[in-house]
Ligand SMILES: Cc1cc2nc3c(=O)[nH]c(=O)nc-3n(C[C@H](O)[C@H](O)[C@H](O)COP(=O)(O)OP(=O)(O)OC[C@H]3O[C@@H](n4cnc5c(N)ncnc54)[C@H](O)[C@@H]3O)c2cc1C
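Below, in structure tokens: the form predicted alone, a single chain.
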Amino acid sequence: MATYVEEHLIEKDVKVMLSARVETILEDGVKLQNGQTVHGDMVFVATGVKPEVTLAKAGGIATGESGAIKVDQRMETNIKDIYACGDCIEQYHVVTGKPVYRPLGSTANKTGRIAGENISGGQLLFRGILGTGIFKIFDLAVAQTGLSEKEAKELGYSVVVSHNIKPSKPFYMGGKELVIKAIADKLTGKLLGVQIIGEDGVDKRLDVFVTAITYGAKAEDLFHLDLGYAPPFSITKDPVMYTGMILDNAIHKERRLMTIEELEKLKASGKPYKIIDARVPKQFEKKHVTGAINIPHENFRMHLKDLDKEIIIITYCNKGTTGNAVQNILMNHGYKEVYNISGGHNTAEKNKKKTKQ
């Protein structure tokens, strides 16, 4: 997903230097660890936030795993009648129940209200956070909530990952493409996290996903949401609903997805496989996944007899939809292990750029 942001920065004439470490800040720029000097009028240092807990520790107030002040759901510390709130406290994650430190203005405001309510005799409880964040970089909105793919795997979840590329509303109404990466638990079907990038309608979809994850929704539940529709606002099946459909197909209907990382592991495993590019020949000739053969969707059925039912078959198109259609044809004709590349060739290309970096 970060590759989309990098490309947008480059389009806006921003020079992006990845894996570069600053060694020294100079009067007119910075010196990098590799000896290169980058000149500039101003240097911004963005190194994150640490909780200031010196006073708390001096008073015997306990800190949590993250180093921030440990509080209960009422914002009370380990010392009775002493409360803490805001960016100095540790929160807990709605999905995992584990302590986290995610200082955000929205969370600080919420915990301030809870502390104030309980100090004055109330019983308002904090219900955790998802670490929801959204920001804008030039024309692009970048948003995330819940667990990332990496975090979910590190916590031991068996994950299904989908990349859904759909317009925010019809293109004739000015819609812009959204890229939604969603992570779900393969065992329970529960939605674990979402990342969204796009120029229009990102915040609207993000807040739907936040609500769904907060109340323990499963991927299949997203399709059944009665979301607002009219062409100026959305497509007939909203991108949120499409995400639910893709994940539900992968979890419950054996319409399995494969990420490019998983494809690379398959190639290294020595198992027999075949990659099928279901796009038109011109698109295939321009660029394709390494090792793929081109069998366009429109005449795919004529080539079924040429494919081995006993090997792994991977399909793809540009964004995932036609690849899924070809996957369905194969499964309906008795092919046993068929995968569709999540997000199609578009996502594969982004991954290729990331790998080169």
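Here the structure is a predicted model, which means the values were calculated and not measured. Numbering starts at 1 and runs along the sequence shown.
Keep in mind the form predicted in complex with this ligand is missing from the figure; the text below concerns it.
For residue 187, no non-hydrogen atom is located within 4.5 Å of this ligand in the predicted bound form, even though that partner is not displayed. Taking non-hydrogen atoms only, residue 103 approaches this ligand to within 4.5 angstroms in the predicted bound form.
In the predicted bound form, this ligand stays beyond 4.5 Å of every heavy atom belonging to residue 125.
Residue 201 falls outside the set of residues with a heavy atom inside 4.5 Å of this ligand in the predicted bound form. Partner contacts here mean any heavy atom within 4.5 Å of this ligand in the predicted bound form, and among 81-89, 209-217, 164-172, 245-253 they occur only in 81-89.
Only one of 225, 108, 155, 230 comes within 4.5 Å of this ligand in the predicted bound form through a heavy atom, and that residue is 108.
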